[in-house]
Ligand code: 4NP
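We begin with a single chain expressed as structure tokens, specifically the form predicted alone.
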Amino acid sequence: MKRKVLFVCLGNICRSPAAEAVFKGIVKQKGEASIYEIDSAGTSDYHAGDPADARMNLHAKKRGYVLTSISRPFNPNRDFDYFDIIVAMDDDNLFNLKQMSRNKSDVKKLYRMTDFSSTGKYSSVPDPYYGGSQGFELVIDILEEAGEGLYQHLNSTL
């Protein structure tokens, strides 16, 4: 049975596609890509149908990640039932996901990406959309570090 992970940010063009690519890289490196299904979505439909932000793509490529996802809005009726764990990039998106939840079972699947960080340095994955290069690099730094923690968590719970 596959472990199904969904990453969620606001527009699904920067943080969550990067989280998807980074986590795919982590499980591939560990030889476990075949037992994971990894996707991303946004709490809004602002960018539905669009590829990842070109700047995020550029910074991800520098580290060997390829962002292949196409933006889509989170679908509560499908996604809560389908995915084992749903990981929000920040408190606002976590709040929005909780508002879309249908029951306690849905809420139990929700986490923030930084919940899996071992450093505790950041409480969220900041949105780099309106900033410069450093913001995109910081996002990938956080995703790589917290992604390892997420991998450990999933191996101990699923």
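Given the structure is predicted, the values throughout are model-derived calculations rather than measurements. The first residue of the sequence shown is number 1, and the count goes up from there.
One more form of this protein should be noted, the form predicted in complex with the named molecule, which is absent from this view; the next part is about it.
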Residue among Asp39, Asp127, Asp115, Asp106 with a heavy atom within 4.5 Å of the named molecule in the model of the complex
Asp127
Test of understanding: in the model of the complex, would Tyr46 fall inside 4.5 Å of the named molecule by heavy atoms?
yes
Against the named molecule in the model of the complex, would Val22 count as a contact residue? Criterion: heavy atoms within 4.5 Å.
no
Are any of the heavy atoms in Cys14 no more than 4.5 Å from a heavy atom of the named molecule in the model of the complex?
yes
Does at least one non-hydrogen atom of Leu143 fall within 4.5 angstroms of the named molecule in the model of the complex?
no
Tell me, please, which stretch of 46-54, 59-67, 30-38, 96-104 lies within 4.5 angstroms of the named molecule in the model of the complex when heavy atoms are compared?
46-54
